[in-house]
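The chain below stands alone, shown as C-alpha coordinates; this is the form predicted on its own.
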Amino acid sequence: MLRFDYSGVSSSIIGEENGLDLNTEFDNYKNQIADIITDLNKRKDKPGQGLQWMNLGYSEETAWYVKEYSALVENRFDNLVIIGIGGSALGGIAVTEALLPPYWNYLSKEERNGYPRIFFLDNIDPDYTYSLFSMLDLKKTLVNVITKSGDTTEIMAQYMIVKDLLEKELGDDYRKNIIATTDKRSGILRQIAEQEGYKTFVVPDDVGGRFSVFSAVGLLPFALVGIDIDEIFNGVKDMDFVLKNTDIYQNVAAQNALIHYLLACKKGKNISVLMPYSSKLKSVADWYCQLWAESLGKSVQIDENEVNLGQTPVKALGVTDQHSQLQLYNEGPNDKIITFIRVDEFEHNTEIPKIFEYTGIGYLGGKSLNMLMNSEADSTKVVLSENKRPTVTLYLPKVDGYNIGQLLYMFEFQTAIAGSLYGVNAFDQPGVEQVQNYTYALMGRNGYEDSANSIRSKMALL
(Lines give C-alpha, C1' and ligand atoms only; values in the text may rest on other atoms or scores of the structure.)
Protein backbone atom coordinates (compact mmCIF):
# COMPACT_ATOMS: atom_id res chain seq x y z
CA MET A 1 0.00 0.00 0.00
CA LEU A 2 0.90 3.66 -0.33
CA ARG A 3 2.99 4.82 2.64
CA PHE A 4 3.17 8.23 4.31
CA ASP A 5 6.05 9.84 6.22
CA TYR A 6 5.27 13.05 8.09
CA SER A 7 8.45 13.29 10.16
CA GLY A 8 9.52 16.32 8.11
CA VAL A 9 6.89 18.52 9.77
CA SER A 10 7.74 17.53 13.32
CA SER A 11 8.62 20.44 15.62
CA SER A 12 11.35 18.25 17.12
CA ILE A 13 13.12 18.35 13.75
CA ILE A 14 12.32 21.76 12.20
CA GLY A 15 11.48 23.69 15.36
CA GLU A 16 8.30 24.91 17.01
CA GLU A 17 8.06 28.06 14.87
CA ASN A 18 7.58 26.08 11.65
CA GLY A 19 6.70 22.56 12.77
CA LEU A 20 3.95 20.72 14.62
CA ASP A 21 3.79 18.49 17.68
CA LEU A 22 1.89 15.86 15.75
CA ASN A 23 1.03 13.52 18.61
CA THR A 24 -0.58 16.43 20.45
CA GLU A 25 -2.35 17.73 17.34
CA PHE A 26 -3.61 14.28 16.34
CA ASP A 27 -5.00 13.83 19.86
CA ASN A 28 -6.58 17.30 19.80
CA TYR A 29 -8.34 16.67 16.49
CA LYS A 30 -8.99 12.93 16.62
CA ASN A 31 -12.66 13.29 17.54
CA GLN A 32 -13.33 15.99 14.94
CA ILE A 33 -11.55 13.94 12.27
CA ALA A 34 -13.54 10.83 13.21
CA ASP A 35 -16.78 12.82 12.92
CA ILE A 36 -15.75 14.20 9.51
CA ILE A 37 -14.92 10.77 8.10
CA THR A 38 -18.15 9.29 9.48
CA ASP A 39 -20.18 12.18 8.07
CA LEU A 40 -18.63 11.93 4.60
CA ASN A 41 -19.45 8.23 4.41
CA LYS A 42 -22.99 8.81 5.66
CA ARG A 43 -23.69 11.52 3.09
CA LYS A 44 -22.06 9.95 0.05
CA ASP A 45 -25.28 8.31 -1.19
CA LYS A 46 -27.49 11.33 -0.60
CA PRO A 47 -28.37 13.46 -3.67
CA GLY A 48 -27.00 16.97 -3.80
CA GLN A 49 -24.02 16.36 -1.52
CA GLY A 50 -21.38 16.28 -4.27
CA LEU A 51 -19.99 13.02 -2.86
CA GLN A 52 -20.89 10.43 -5.48
CA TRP A 53 -17.21 10.31 -6.48
CA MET A 54 -16.73 8.14 -3.39
CA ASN A 55 -18.74 5.39 -5.12
CA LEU A 56 -17.10 5.51 -8.54
CA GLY A 57 -14.58 2.75 -7.78
CA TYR A 58 -17.49 0.33 -7.38
CA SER A 59 -19.27 1.20 -10.65
CA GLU A 60 -18.93 -2.14 -12.41
CA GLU A 61 -21.70 -1.23 -14.86
CA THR A 62 -19.77 1.80 -16.15
CA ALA A 63 -16.61 -0.28 -16.41
CA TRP A 64 -18.49 -2.93 -18.40
CA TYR A 65 -19.92 -0.40 -20.88
CA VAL A 66 -16.51 1.21 -21.31
CA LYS A 67 -14.78 -2.11 -21.97
CA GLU A 68 -17.53 -3.21 -24.34
CA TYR A 69 -17.20 -0.08 -26.48
CA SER A 70 -13.40 -0.22 -26.41
CA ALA A 71 -13.49 -3.79 -27.70
CA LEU A 72 -15.95 -2.76 -30.42
CA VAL A 73 -13.64 -0.07 -31.86
CA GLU A 74 -10.36 -1.90 -31.27
CA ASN A 75 -7.90 -1.36 -34.17
CA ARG A 76 -10.32 1.00 -35.96
CA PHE A 77 -8.59 4.27 -35.05
CA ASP A 78 -5.01 5.50 -35.09
CA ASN A 79 -5.70 8.62 -33.02
CA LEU A 80 -7.82 9.47 -30.00
CA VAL A 81 -8.52 13.16 -29.30
CA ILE A 82 -9.98 14.13 -25.94
CA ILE A 83 -11.73 17.52 -25.97
CA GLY A 84 -12.07 18.61 -22.37
CA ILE A 85 -10.82 21.23 -19.96
CA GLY A 86 -10.08 21.25 -16.22
CA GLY A 87 -11.45 18.12 -14.61
CA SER A 88 -12.51 16.75 -17.99
CA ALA A 89 -8.87 16.48 -19.04
CA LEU A 90 -6.41 16.76 -16.14
CA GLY A 91 -7.21 13.36 -14.63
CA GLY A 92 -6.97 11.70 -18.02
CA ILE A 93 -3.65 13.35 -18.72
CA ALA A 94 -2.28 12.39 -15.30
CA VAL A 95 -3.22 8.73 -15.55
CA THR A 96 -2.26 8.15 -19.19
CA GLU A 97 1.13 9.81 -18.70
CA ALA A 98 1.69 7.68 -15.61
CA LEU A 99 0.63 4.34 -17.05
CA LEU A 100 1.40 4.41 -20.77
CA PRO A 101 5.00 3.87 -21.87
CA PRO A 102 6.92 7.17 -22.13
CA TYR A 103 6.71 8.84 -25.56
CA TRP A 104 3.61 6.78 -26.37
CA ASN A 105 2.59 8.91 -29.34
CA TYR A 106 6.00 8.43 -30.94
CA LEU A 107 5.78 4.64 -30.86
CA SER A 108 4.72 2.69 -33.93
CA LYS A 109 1.26 1.14 -34.06
CA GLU A 110 2.83 -2.26 -33.54
CA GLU A 111 4.71 -1.01 -30.47
CA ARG A 112 1.40 0.39 -29.17
CA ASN A 113 -0.24 -3.06 -29.68
CA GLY A 114 -2.70 -1.47 -32.10
CA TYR A 115 -3.97 1.10 -29.61
CA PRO A 116 -4.32 4.71 -30.78
CA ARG A 117 -2.13 7.68 -30.03
CA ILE A 118 -3.83 10.00 -27.53
CA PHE A 119 -4.07 13.79 -27.62
CA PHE A 120 -5.74 16.02 -25.03
CA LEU A 121 -7.06 19.26 -26.47
CA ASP A 122 -7.43 21.04 -23.13
CA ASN A 123 -6.99 24.64 -24.22
CA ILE A 124 -8.48 26.83 -26.93
CA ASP A 125 -5.18 28.16 -28.25
CA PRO A 126 -6.00 28.67 -31.96
CA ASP A 127 -2.52 27.67 -33.16
CA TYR A 128 -2.51 24.38 -31.27
CA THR A 129 -6.08 23.57 -32.27
CA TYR A 130 -5.39 24.25 -35.94
CA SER A 131 -2.10 22.36 -35.93
CA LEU A 132 -3.51 19.26 -34.24
CA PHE A 133 -6.41 18.81 -36.62
CA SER A 134 -4.19 19.62 -39.59
CA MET A 135 -1.70 16.86 -38.78
CA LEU A 136 -4.17 14.06 -38.01
CA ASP A 137 -5.82 11.72 -40.50
CA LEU A 138 -9.37 12.53 -39.46
CA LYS A 139 -10.75 9.35 -41.03
CA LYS A 140 -8.73 7.41 -38.46
CA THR A 141 -9.39 9.74 -35.53
CA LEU A 142 -11.88 9.18 -32.72
CA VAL A 143 -12.95 12.30 -30.82
CA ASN A 144 -14.27 12.17 -27.26
CA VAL A 145 -16.08 15.39 -26.27
CA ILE A 146 -16.41 15.72 -22.48
CA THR A 147 -18.58 18.27 -20.66
CA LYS A 148 -21.04 17.60 -17.85
CA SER A 149 -23.08 20.76 -18.41
CA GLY A 150 -23.03 20.36 -22.16
CA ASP A 151 -22.40 24.03 -22.86
CA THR A 152 -18.87 24.69 -21.59
CA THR A 153 -17.76 27.44 -23.96
CA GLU A 154 -14.25 26.19 -24.68
CA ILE A 155 -15.21 22.58 -25.22
CA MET A 156 -18.21 23.27 -27.40
CA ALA A 157 -16.26 25.72 -29.57
CA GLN A 158 -13.67 23.03 -30.29
CA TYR A 159 -16.38 20.42 -30.81
CA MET A 160 -18.02 22.65 -33.42
CA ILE A 161 -14.70 22.97 -35.24
CA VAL A 162 -13.93 19.24 -35.31
CA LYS A 163 -17.53 18.31 -36.14
CA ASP A 164 -17.37 20.55 -39.20
CA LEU A 165 -13.99 19.10 -40.25
CA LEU A 166 -15.12 15.50 -39.80
CA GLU A 167 -18.36 16.04 -41.69
CA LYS A 168 -16.50 17.57 -44.62
CA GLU A 169 -14.03 14.69 -44.62
CA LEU A 170 -16.37 11.75 -43.97
CA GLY A 171 -19.88 12.87 -44.88
CA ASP A 172 -22.66 11.24 -42.86
CA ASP A 173 -20.24 8.61 -41.51
CA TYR A 174 -18.56 11.27 -39.34
CA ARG A 175 -20.91 10.36 -36.49
CA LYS A 176 -18.96 7.14 -35.90
CA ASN A 177 -15.90 9.24 -35.06
CA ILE A 178 -17.44 11.21 -32.17
CA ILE A 179 -18.27 10.10 -28.63
CA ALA A 180 -19.99 12.41 -26.15
CA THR A 181 -19.47 12.11 -22.39
CA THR A 182 -22.02 14.33 -20.72
CA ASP A 183 -25.04 14.56 -18.42
CA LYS A 184 -27.42 11.61 -18.55
CA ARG A 185 -30.55 13.67 -19.19
CA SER A 186 -29.98 17.35 -19.88
CA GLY A 187 -27.70 19.90 -21.49
CA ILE A 188 -26.90 21.04 -25.00
CA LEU A 189 -24.37 18.27 -25.72
CA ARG A 190 -26.87 15.62 -24.60
CA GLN A 191 -29.45 17.13 -26.95
CA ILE A 192 -27.00 17.30 -29.85
CA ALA A 193 -25.71 13.77 -29.23
CA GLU A 194 -29.19 12.31 -29.37
CA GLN A 195 -30.08 14.29 -32.49
CA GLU A 196 -26.83 13.37 -34.25
CA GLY A 197 -26.75 9.75 -33.06
CA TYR A 198 -23.40 9.79 -31.25
CA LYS A 199 -22.32 7.06 -28.89
CA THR A 200 -22.63 8.55 -25.37
CA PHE A 201 -21.30 7.97 -21.89
CA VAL A 202 -22.48 9.58 -18.68
CA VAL A 203 -20.92 12.00 -16.23
CA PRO A 204 -22.73 10.92 -13.04
CA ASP A 205 -24.85 13.27 -10.98
CA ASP A 206 -23.18 14.79 -7.92
CA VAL A 207 -19.68 14.28 -9.35
CA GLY A 208 -17.77 17.49 -9.99
CA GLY A 209 -15.27 17.59 -12.82
CA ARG A 210 -12.19 17.57 -10.60
CA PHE A 211 -13.50 14.41 -8.87
CA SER A 212 -14.53 12.62 -12.08
CA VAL A 213 -11.35 10.76 -13.05
CA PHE A 214 -12.79 7.36 -12.03
CA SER A 215 -16.02 7.88 -13.97
CA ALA A 216 -16.44 7.43 -17.73
CA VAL A 217 -14.65 10.79 -18.06
CA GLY A 218 -11.40 9.01 -17.31
CA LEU A 219 -12.21 5.33 -17.74
CA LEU A 220 -13.19 5.57 -21.40
CA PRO A 221 -9.93 7.18 -22.60
CA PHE A 222 -7.95 4.76 -20.40
CA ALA A 223 -9.63 1.69 -21.87
CA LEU A 224 -9.34 2.98 -25.44
CA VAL A 225 -5.53 3.10 -25.13
CA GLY A 226 -5.29 -0.28 -23.41
CA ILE A 227 -4.97 0.69 -19.74
CA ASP A 228 -6.36 -1.93 -17.32
CA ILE A 229 -9.20 -0.12 -15.57
CA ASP A 230 -9.89 -3.09 -13.29
CA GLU A 231 -6.43 -2.64 -11.80
CA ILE A 232 -7.19 1.05 -11.14
CA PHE A 233 -10.52 0.13 -9.53
CA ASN A 234 -8.78 -2.36 -7.24
CA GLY A 235 -6.49 0.40 -6.00
CA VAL A 236 -9.40 2.77 -5.44
CA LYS A 237 -11.45 0.19 -3.54
CA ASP A 238 -8.57 -0.87 -1.31
CA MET A 239 -7.75 2.76 -0.50
CA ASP A 240 -11.41 3.49 0.17
CA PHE A 241 -11.48 0.63 2.67
CA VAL A 242 -8.39 2.00 4.44
CA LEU A 243 -9.77 5.55 4.53
CA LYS A 244 -13.01 4.44 6.18
CA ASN A 245 -10.95 4.04 9.35
CA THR A 246 -11.89 6.95 11.62
CA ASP A 247 -8.68 6.71 13.66
CA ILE A 248 -6.42 9.53 12.49
CA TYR A 249 -3.38 7.47 13.43
CA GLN A 250 -4.43 4.93 10.77
CA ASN A 251 -5.76 7.26 8.07
CA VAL A 252 -3.22 8.83 5.71
CA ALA A 253 -5.72 11.19 4.06
CA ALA A 254 -6.81 12.53 7.44
CA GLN A 255 -3.21 12.96 8.55
CA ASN A 256 -2.18 14.88 5.46
CA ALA A 257 -5.35 17.00 5.42
CA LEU A 258 -4.85 18.02 9.06
CA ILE A 259 -1.14 18.71 8.58
CA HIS A 260 -1.83 21.00 5.63
CA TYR A 261 -4.68 22.72 7.47
CA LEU A 262 -2.70 23.33 10.66
CA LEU A 263 0.43 24.51 8.84
CA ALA A 264 -1.67 27.00 6.87
CA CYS A 265 -3.74 28.27 9.80
CA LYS A 266 -1.15 28.19 12.57
CA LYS A 267 2.20 28.53 10.81
CA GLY A 268 1.43 30.63 7.72
CA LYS A 269 2.28 27.88 5.22
CA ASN A 270 -0.15 29.08 2.58
CA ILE A 271 1.49 27.33 -0.37
CA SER A 272 1.27 23.58 -0.98
CA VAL A 273 3.95 22.24 -3.32
CA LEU A 274 3.53 18.77 -4.83
CA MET A 275 6.88 17.43 -6.06
CA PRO A 276 6.92 13.90 -7.48
CA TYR A 277 10.30 12.28 -8.11
CA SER A 278 9.08 10.52 -11.23
CA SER A 279 8.48 12.04 -14.65
CA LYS A 280 5.55 9.65 -15.05
CA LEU A 281 3.84 11.48 -12.18
CA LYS A 282 4.54 15.00 -13.43
CA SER A 283 0.94 15.58 -14.53
CA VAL A 284 -0.43 14.19 -11.26
CA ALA A 285 0.82 17.48 -9.83
CA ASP A 286 -1.23 19.40 -12.43
CA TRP A 287 -4.31 17.39 -11.48
CA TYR A 288 -3.64 17.98 -7.77
CA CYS A 289 -3.35 21.74 -8.31
CA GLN A 290 -6.90 21.93 -9.66
CA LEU A 291 -8.26 19.62 -6.97
CA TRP A 292 -6.71 21.57 -4.09
CA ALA A 293 -7.23 25.09 -5.48
CA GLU A 294 -10.78 24.79 -6.78
CA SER A 295 -12.02 22.83 -3.77
CA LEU A 296 -10.53 24.93 -0.97
CA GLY A 297 -10.12 28.43 -2.40
CA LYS A 298 -13.35 30.00 -1.14
CA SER A 299 -14.51 33.41 0.01
CA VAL A 300 -17.46 32.16 2.07
CA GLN A 301 -17.74 29.28 4.53
CA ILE A 302 -20.75 26.98 4.72
CA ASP A 303 -22.11 29.04 7.63
CA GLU A 304 -21.90 32.12 5.33
CA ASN A 305 -19.03 33.62 7.29
CA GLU A 306 -17.01 35.72 4.85
CA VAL A 307 -13.42 34.50 4.53
CA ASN A 308 -10.70 34.14 1.96
CA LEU A 309 -9.35 30.66 2.54
CA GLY A 310 -7.23 28.09 0.78
CA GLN A 311 -3.63 27.14 0.15
CA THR A 312 -2.09 27.95 -3.21
CA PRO A 313 -0.98 24.70 -4.87
CA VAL A 314 2.26 24.66 -6.86
CA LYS A 315 3.55 21.88 -9.08
CA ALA A 316 7.20 20.87 -9.17
CA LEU A 317 9.16 17.91 -10.53
CA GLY A 318 12.10 16.22 -8.93
CA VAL A 319 14.87 16.51 -9.89
CA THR A 320 14.15 19.05 -12.63
CA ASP A 321 12.92 21.77 -10.31
CA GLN A 322 15.83 21.43 -7.93
CA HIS A 323 17.51 23.53 -10.60
CA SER A 324 14.70 26.08 -10.85
CA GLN A 325 12.46 26.35 -7.78
CA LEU A 326 14.51 24.87 -4.94
CA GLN A 327 16.51 28.04 -4.33
CA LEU A 328 13.27 29.80 -3.41
CA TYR A 329 12.06 26.91 -1.26
CA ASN A 330 15.28 26.83 0.73
CA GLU A 331 16.03 30.53 1.16
CA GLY A 332 12.88 32.42 0.24
CA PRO A 333 9.78 32.96 2.40
CA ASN A 334 9.11 30.02 4.71
CA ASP A 335 5.46 29.85 3.65
CA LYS A 336 5.29 26.42 2.03
CA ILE A 337 4.71 22.77 2.81
CA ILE A 338 6.30 20.47 0.26
CA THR A 339 4.85 17.02 -0.47
CA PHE A 340 7.26 14.63 -2.13
CA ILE A 341 6.05 11.57 -4.02
CA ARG A 342 8.71 8.84 -4.13
CA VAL A 343 8.70 5.60 -6.14
CA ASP A 344 10.24 2.53 -4.53
CA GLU A 345 10.70 0.52 -7.72
CA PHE A 346 11.15 2.07 -11.15
CA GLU A 347 10.33 -0.06 -14.18
CA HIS A 348 13.91 0.01 -15.40
CA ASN A 349 17.32 0.10 -13.76
CA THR A 350 19.47 2.39 -15.91
CA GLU A 351 23.16 1.95 -15.14
CA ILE A 352 25.83 4.59 -15.63
CA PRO A 353 28.85 3.14 -17.46
CA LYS A 354 32.29 3.08 -15.87
CA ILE A 355 34.04 5.60 -18.09
CA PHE A 356 36.03 8.78 -17.51
CA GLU A 357 37.32 7.24 -14.28
CA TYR A 358 40.37 9.52 -14.43
CA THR A 359 38.16 12.66 -14.18
CA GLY A 360 36.01 14.30 -11.54
CA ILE A 361 32.88 12.48 -12.76
CA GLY A 362 34.38 9.01 -12.48
CA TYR A 363 32.57 8.44 -9.17
CA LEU A 364 29.29 8.09 -11.10
CA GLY A 365 30.45 5.02 -13.03
CA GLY A 366 28.94 1.72 -11.97
CA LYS A 367 26.06 3.41 -10.20
CA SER A 368 22.56 3.98 -11.68
CA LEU A 369 20.13 6.77 -12.47
CA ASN A 370 17.83 5.08 -9.95
CA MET A 371 20.39 5.59 -7.21
CA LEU A 372 21.04 9.14 -8.38
CA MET A 373 17.31 9.98 -8.36
CA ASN A 374 16.92 8.67 -4.82
CA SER A 375 20.07 10.45 -3.65
CA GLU A 376 18.78 13.72 -5.08
CA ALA A 377 15.44 13.27 -3.30
CA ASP A 378 17.07 12.40 0.02
CA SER A 379 19.44 15.37 -0.25
CA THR A 380 16.60 17.77 -1.04
CA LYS A 381 14.57 16.59 1.95
CA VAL A 382 17.51 16.93 4.32
CA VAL A 383 18.49 20.40 3.10
CA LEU A 384 14.90 21.64 3.40
CA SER A 385 14.76 20.22 6.91
CA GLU A 386 18.03 21.97 7.80
CA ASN A 387 16.42 25.21 6.65
CA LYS A 388 13.34 24.53 8.82
CA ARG A 389 11.05 23.94 5.85
CA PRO A 390 8.21 21.41 6.44
CA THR A 391 7.94 18.39 4.15
CA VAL A 392 5.92 15.19 3.96
CA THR A 393 6.56 12.19 1.71
CA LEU A 394 4.23 9.76 -0.01
CA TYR A 395 5.82 6.48 -1.14
CA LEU A 396 4.42 4.41 -4.01
CA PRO A 397 5.72 0.83 -4.35
CA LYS A 398 5.74 1.41 -8.13
CA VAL A 399 3.88 3.34 -10.79
CA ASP A 400 1.07 1.08 -11.95
CA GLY A 401 -2.71 1.20 -12.18
CA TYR A 402 -3.28 -0.12 -8.67
CA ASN A 403 -1.05 2.47 -7.03
CA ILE A 404 -2.29 5.35 -9.20
CA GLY A 405 -5.83 4.44 -8.17
CA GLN A 406 -4.77 4.55 -4.53
CA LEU A 407 -2.89 7.83 -4.87
CA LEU A 408 -5.55 9.83 -6.67
CA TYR A 409 -8.39 8.58 -4.48
CA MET A 410 -6.34 9.39 -1.37
CA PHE A 411 -5.87 12.97 -2.60
CA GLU A 412 -9.61 13.28 -3.29
CA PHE A 413 -10.51 12.10 0.21
CA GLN A 414 -7.82 14.29 1.74
CA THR A 415 -9.36 17.27 -0.04
CA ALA A 416 -12.83 16.46 1.26
CA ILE A 417 -11.53 16.26 4.83
CA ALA A 418 -9.63 19.52 4.42
CA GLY A 419 -12.80 21.21 3.16
CA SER A 420 -14.60 20.16 6.32
CA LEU A 421 -11.74 21.45 8.50
CA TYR A 422 -11.87 24.80 6.72
CA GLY A 423 -15.67 24.83 6.93
CA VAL A 424 -16.10 25.39 3.18
CA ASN A 425 -18.00 23.62 0.43
CA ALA A 426 -15.23 21.69 -1.29
CA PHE A 427 -17.50 20.69 -4.19
CA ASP A 428 -18.52 23.98 -5.81
CA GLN A 429 -16.59 26.61 -7.79
CA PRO A 430 -18.52 29.90 -7.90
CA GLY A 431 -15.42 31.89 -8.85
CA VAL A 432 -15.04 29.84 -12.03
CA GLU A 433 -18.71 30.13 -12.93
CA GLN A 434 -18.64 33.93 -12.83
CA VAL A 435 -15.84 33.98 -15.40
CA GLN A 436 -17.91 31.65 -17.59
CA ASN A 437 -20.90 34.00 -17.34
CA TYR A 438 -18.77 36.96 -18.40
CA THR A 439 -17.41 34.95 -21.32
CA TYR A 440 -20.94 34.13 -22.44
CA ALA A 441 -21.70 37.85 -22.41
CA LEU A 442 -18.63 38.88 -24.42
CA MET A 443 -19.23 36.13 -26.98
CA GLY A 444 -22.80 37.30 -27.60
CA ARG A 445 -24.91 34.65 -25.89
CA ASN A 446 -28.60 35.55 -25.73
CA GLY A 447 -29.71 36.95 -22.40
CA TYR A 448 -26.31 38.35 -21.44
CA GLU A 449 -26.49 41.68 -23.30
CA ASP A 450 -26.56 43.87 -20.17
CA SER A 451 -23.61 42.01 -18.71
CA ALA A 452 -21.64 42.51 -21.92
CA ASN A 453 -22.11 46.28 -21.76
CA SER A 454 -21.11 46.34 -18.09
CA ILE A 455 -17.99 44.26 -18.71
CA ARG A 456 -16.85 46.46 -21.60
CA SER A 457 -17.22 49.54 -19.38
CA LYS A 458 -15.12 47.89 -16.69
CA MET A 459 -12.52 46.75 -19.20
CA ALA A 460 -12.04 50.36 -20.31
CA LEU A 461 -10.83 51.15 -16.80
CA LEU A 462 -8.38 48.24 -16.52
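Please read all numbers here as calculations on a predicted model, not as lab measurements. All residue numbers are counted from 1 along the displayed sequence.
As for the form predicted in complex with a small molecule, it is not shown, yet the points below apply to it.
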Here the chain is shown alone; which of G318, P313, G208, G187 has a heavy atom within 4.5 Å of the small molecule in the model of the complex?
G208
If you check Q191, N334, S149, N270 against the small molecule in the model of the complex, which one has a heavy atom within 4.5 Å?
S149
Just one of 251-259, 209-217, 100-108, 362-370 has heavy atoms within 4.5 Å of the small molecule in the model of the complex; which?
209-217
Mark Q290 yes when one of its heavy atoms lies within 4.5 Å of a heavy atom of the small molecule in the model of the complex, and no otherwise.
yes
So in the model of the complex, does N403 come within 4.5 Å of the small molecule, heavy atom to heavy atom?
no
Contact with the small molecule in the model of the complex for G235, defined as at least one heavy atom pair within 4.5 Å: yes or no?
no
Spell out, yes or no, whether the shortest heavy atom distance between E294 and the small molecule in the model of the complex is within 4.5 Å.
yes
